[in-house]
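Quick setup: one chain, the form predicted alone, written in structure tokens, and binding and motion questions come after.
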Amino acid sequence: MLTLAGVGKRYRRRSVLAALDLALARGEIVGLLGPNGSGKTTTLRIAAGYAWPDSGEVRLAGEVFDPDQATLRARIGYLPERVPLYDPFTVGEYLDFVAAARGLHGPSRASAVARVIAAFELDAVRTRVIGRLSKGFRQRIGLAQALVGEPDVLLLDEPTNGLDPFQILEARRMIRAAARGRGVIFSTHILQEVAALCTRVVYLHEGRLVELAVDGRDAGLEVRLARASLDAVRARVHALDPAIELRSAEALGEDRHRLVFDLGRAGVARAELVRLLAEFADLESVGEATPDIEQALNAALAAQARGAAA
């Protein structure tokens, strides 16, 4: 849906992006990781048509993206790091203004505004002045304006930055809902956010993207056990199904472990494995494991360093 090919960008003497390549497919939520100042915002601004690369090109559904083409720009929803809200407007007035700026008129404009107000549960504050609303509501309005007109691509620059834990959970829920049927690039420097939301992860390092090997993995079954030796666990699980992989084992204390199992190739259901473990150990917790983003990041950077040295 969206392709950045060989994109380079300089600010005076400083190179921010160097031959950056990134492709986004429908249904993907791509996590764009990187430290502050690494170029994440510049990448999203170029993808959204708010900045232009010094080299390379941007394509939208195979067509070269020219920001002057209103029809192409309308297919991209963009939430900058600083949400572009007009505090004197009411929520309804602001969203109506955004819809008009995107070329919507008449009944289509009204229905577009009504859709995002319903999707982000903004009806209760529709007539409230934006400047008097909480940060959580302001972030919700920012997401709503990015989706006015049903764009094919959604670009989010640190959308959970500054939110409290409850607001972060709410934002995650809304982002997952917004991602249905479109491609999403989600910029952040927080590993937990990527693990919770994204289907694919890339890391911006020295102006280039490093793909992290975490996409497509089964999330895995995470269990915390007490009063069981690791050798006994391995033997009993192997007897149940040799295809069950013990992905990781972490000692939490005497006879206590955090284990992550991969059942992707196994012929048994998760419930069968849980029942087996409960027969000979104390199950403290059972849940879905999240991909180890930090481990994948370290592996990718190490491989890149070895390649540069060679």
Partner chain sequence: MRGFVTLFARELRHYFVTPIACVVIAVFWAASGFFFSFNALFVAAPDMVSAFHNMSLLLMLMMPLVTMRTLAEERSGDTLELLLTLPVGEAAIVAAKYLALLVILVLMLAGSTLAVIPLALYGTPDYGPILGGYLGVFLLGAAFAAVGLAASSCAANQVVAAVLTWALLLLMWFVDYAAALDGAGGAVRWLQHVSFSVQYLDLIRGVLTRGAVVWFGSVIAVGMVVATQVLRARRA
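This is a predicted model, so every value here is computed, not measured. Numbering follows the first chain given and starts at 1.
There is another form of the same protein, the form predicted in complex with its partner chain; it is not shown, and what comes next is about it.
**Student:** Determine whether any heavy atom of A51 comes within 4.5 Å of a heavy atom of its partner chain in the model of the complex, and answer yes or no.
**Tutor:** Judged by the heavy-atom cut-off of 4.5 Å, A51 is in contact with its partner chain in the model of the complex.
**Student:** Since only the chain is shown here, I'm wondering whether A119 would be in contact with its partner chain in the model of the complex (any heavy atom pair within 4.5 Å).
**Tutor:** Contact with its partner chain, no.
**Student:** Even though its partner chain is not shown here, does V98 get within 4.5 Å of it in the model of the complex, heavy atoms only?
**Tutor:** Contact check for V98: yes, within 4.5 Å of its partner chain in the model of the complex.
**Student:** Verify the contact flag for F89: yes if a non-hydrogen atom of it lies within 4.5 Å of a non-hydrogen atom of its partner chain in the model of the complex, no if not.
**Tutor:** Yes, F89 is a contact residue.
**Student:** Mind telling me which stretch in 276-284, 28-36, 56-64, 43-51 gets its heavy atoms within 4.5 Å of its partner chain in the model of the complex?
**Tutor:** Of the options given, it is 43-51.
**Student:** Considering G103, G162, G131, G181, which brings a non-hydrogen atom within 4.5 Å of its partner chain in the model of the complex?
**Tutor:** The residue from G103, G162, G131, G181 that makes the contact is G103.
**Student:** Heavy atom within 4.5 Å of its partner chain in the model of the complex: which residues of 70-89 qualify?
**Tutor:** A70, T71, R73, A74, Y78, P80, R82, P84, L85, Y86, P88, F89, in sequence order.
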